[in-house]
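There is one chain below, alone, in structure tokens, taken in the form predicted on its own.
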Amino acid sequence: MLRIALPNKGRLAEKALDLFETAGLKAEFSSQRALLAQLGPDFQAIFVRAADIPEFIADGAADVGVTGADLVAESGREVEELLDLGFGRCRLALAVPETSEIRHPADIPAGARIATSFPGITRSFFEAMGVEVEIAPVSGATEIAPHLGVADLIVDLVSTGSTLRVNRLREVVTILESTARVVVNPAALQDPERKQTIEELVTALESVLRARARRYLMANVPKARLEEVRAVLPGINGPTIVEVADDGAWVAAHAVVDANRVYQTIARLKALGAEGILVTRIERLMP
């Protein structure tokens, strides 16, 4: 039984649980307040703060975890990233008051005071630049720090930038891009049995992520224009062509297409005389 550390609240927690359930690993709780859940026969989930997950993994309290790349970097702990899940996208940015003359990190004077809840990443960033700054660790409401005289600048997570604008702050530079990641204790990969189970888990999660970016398309197309249809529907290894029970003038073409190309694909198929076009979502897709 392998233990998986998952975020206990927030959008990261919701999306992680949805991903695992779609992969066939629905969390079975003994009660609403339970911090443990069964994920199929091979895994037990523990629900903790996302920021604590790198510690749980590195200390061996859990074998696998899901948390943000920003939190992994800030922890500085030895964990191995196995999969970028793509959700929870944000960036760690350096920002200044709108009235500031600072336009580039090189403009920041030595001794500047920076408020952040990511002191480790911030310190490493400025050390690499060769600029000595003073770090003011805060646990929240970072955006207000410059207006209270607590700090000259801030380093904080940004999604759309609206919170910065509301607080009359301007982004100077992105320090780190972050998404949710599957991380593992390196020692867990040294055991052949645990390694196999972890690899099977990653494969299952990947199949869901791959499927979300694809659609399954079926259409009846004129047999005489089949070569042109093949150019429109490359699929994974080309479209699957099925004979239609008619006079032989039509065939059914089935293919997996990129979700963001469905509109254009349908238009091109219609121009070739396709009929009965059907597009459906895919639950899981293995390469």
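All residue numbers are counted from 1 along the displayed sequence. These figures come from a predicted structure and were not determined experimentally.
Missing here is the form predicted together with a small molecule; even so, the following discussion is about that form.
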Quick one: of Ala204, Leu157, Val79, Ile175, which gets a non-hydrogen atom within 4.5 angstroms of the small molecule in the predicted bound form?
-> Leu157
Partner-contacting position among Arg89, Arg168, Lys195, Arg210 - heavy atom within 4.5 Å of the small molecule in the predicted bound form | Arg89
Examine Leu269 and determine whether its closest non-hydrogen atom to the small molecule in the predicted bound form is within 4.5 angstroms.
-> no
Evaluate Ala253 for contact with the small molecule in the predicted bound form, applying a 4.5 angstroms cut-off between non-hydrogen atoms, and reply yes or no.
-> no
Report whether the minimum heavy atom distance between Gly68 and the small molecule in the predicted bound form is within 4.5 Å.
-> yes
Report yes if any heavy atom of Leu19 sits within 4.5 Å of a heavy atom of the small molecule in the predicted bound form; otherwise report no.
-> no
Where, among 272-280, 7-15, 259-267, 20-28, do residues come within 4.5 Å of the small molecule in the predicted bound form by heavy atom distance?
-> 7-15
